[in-house]
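Encoded as structure tokens, the following chain is the form predicted alone, with no partner shown.
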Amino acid sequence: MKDLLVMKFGGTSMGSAERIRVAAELVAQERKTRPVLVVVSAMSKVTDMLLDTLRHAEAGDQAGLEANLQKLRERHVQTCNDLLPPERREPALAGIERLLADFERIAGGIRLLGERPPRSVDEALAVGERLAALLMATYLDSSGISAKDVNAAGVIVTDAVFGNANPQMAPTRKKAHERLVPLLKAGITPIVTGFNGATTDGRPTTLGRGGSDFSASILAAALDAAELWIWTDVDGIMTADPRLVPDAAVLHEVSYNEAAELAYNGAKVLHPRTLAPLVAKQIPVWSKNSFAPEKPGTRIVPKVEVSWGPRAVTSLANVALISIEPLSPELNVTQAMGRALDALGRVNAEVLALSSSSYRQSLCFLLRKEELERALAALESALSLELAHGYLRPLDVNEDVGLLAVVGEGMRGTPGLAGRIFTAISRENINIIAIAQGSSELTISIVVHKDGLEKAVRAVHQECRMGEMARQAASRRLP
């Protein structure tokens, strides 16, 4: 499909009738000159409410389940009534009731079981995006723009890792061409649900929280799109979180690698896995603000030429540090490390940073807190013999830590840079607990005590003049 534009709208961009109208107008403007495929998230906060409803169901709380269902119904019915002309409401309201009935059926099964099977959770959570796609497609159609809502479970093929599935690109490409290209050729704009897919045998899956970005990039790659535009509620990718750093500035252009590192280490503009499907085809991405569409946003491209070092600093507070320390010289620490990493991989726990010493060969892993319980269980199982016989100290867990990551293509080979960053942090009387840097020199990851995290971010941003350098580059329209 020549010159295809994929546009993805996040939860805040779909959060009300007013925001859906704005999103539809953005689609309509681009559709005048080229084919457009749209990917939507659930309305803001809906996924959280669906999850909370499933928790009530698991606990056998029928009253809580029904109260949440009523809130979901009221919000979507109200949005439908505010959004659509009277003559178009009846079929849309019937569609809303069918989808909520599907969700209620799954929640009812969970209440009877007293547990939440991952497969059932994935099928239930996809209802949020299906409701949003229905509303967007119906509104566009009522405005004279042919559109059709499409459940991505019939397009995106994944593995069976429920809750955090991975796409299978060859069958996805086949299904996308079978299901979506005929619509586009007929002048119909597909409104595809983000976040979800299905296994080869049709079992519903989800791509992880925030996975609608990932859905959009999967479809852009599968259909050889010309561009992907991701609409959010911020002006683009910034040099730091503006809530922490008043001097933060929008980066006019960043590389795939920089954007991926920033997303992985806490920047909320993109899902961490968004860019992976686009790399081979070098499809450019724009991060734009649907609340201020006149602003240029940030362009994400395969490579940028930069003349300065760090370009952005980001942080994660909801993390935990697990330390493994040998007690016996007889222990082969390399083998133990291998088993530990394998154990974390088996439970799908992401290692945000890894650091080890040279003599004692103690090592530590930084993980997200929501993954801590299953990560600890996996590590204790994998290292049970060493722990039982005293070859290892009991696993030490520190939850009073935070991660800051300094990112920039221009950091490679820049002498004295790490020293400046560490000195800036130390001037704030903040102790550095662990440091990790890959051989690419793209990112320096630093673990500090949580109470010093925000000060450390501000200190590094100021020391490296990130805001100033970004504004100068944008004024010259240079990366």
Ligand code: ADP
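When you see a residue number, it is the position in the sequence shown, counting from 1. If you're wondering where the values come from, they're calculated on a predicted model, not measured in any experiment.
Another form, the form predicted together with the named molecule, is not on view; read the next lines as being about it.
None of 221 to 229, 327 to 335, 266 to 274, 130 to 138 except one has non-hydrogen atoms within 4.5 angstroms of the named molecule in the predicted bound form; the exception is 266 to 274. Scanning 253, 371, 241, 123 against the named molecule in the predicted bound form with a 4.5 Å heavy atom cut-off leaves one residue, 241. Put simply, of 233, 350, 159, 247 only one has a heavy atom within 4.5 Å of the named molecule in the predicted bound form, and it is 233. Remark: residue 165 does not count among the residues lining the named molecule in the predicted bound form, judged by a heavy atom distance of 4.5 Å or less. In the predicted bound form, the named molecule sits beyond 4.5 Å of every heavy atom of residue 404. Put simply, residue 106 is far from the named molecule in the predicted bound form: not one heavy atom of it is within 4.5 Å. Of the heavy atoms in residue 366, none are within 4.5 Å of the named molecule in the predicted bound form. Taking the named molecule as it sits in the predicted bound form, the stretch 1 to 21 comes within 4.5 angstroms of it through a non-hydrogen atom at 8, 10, 11, 12.
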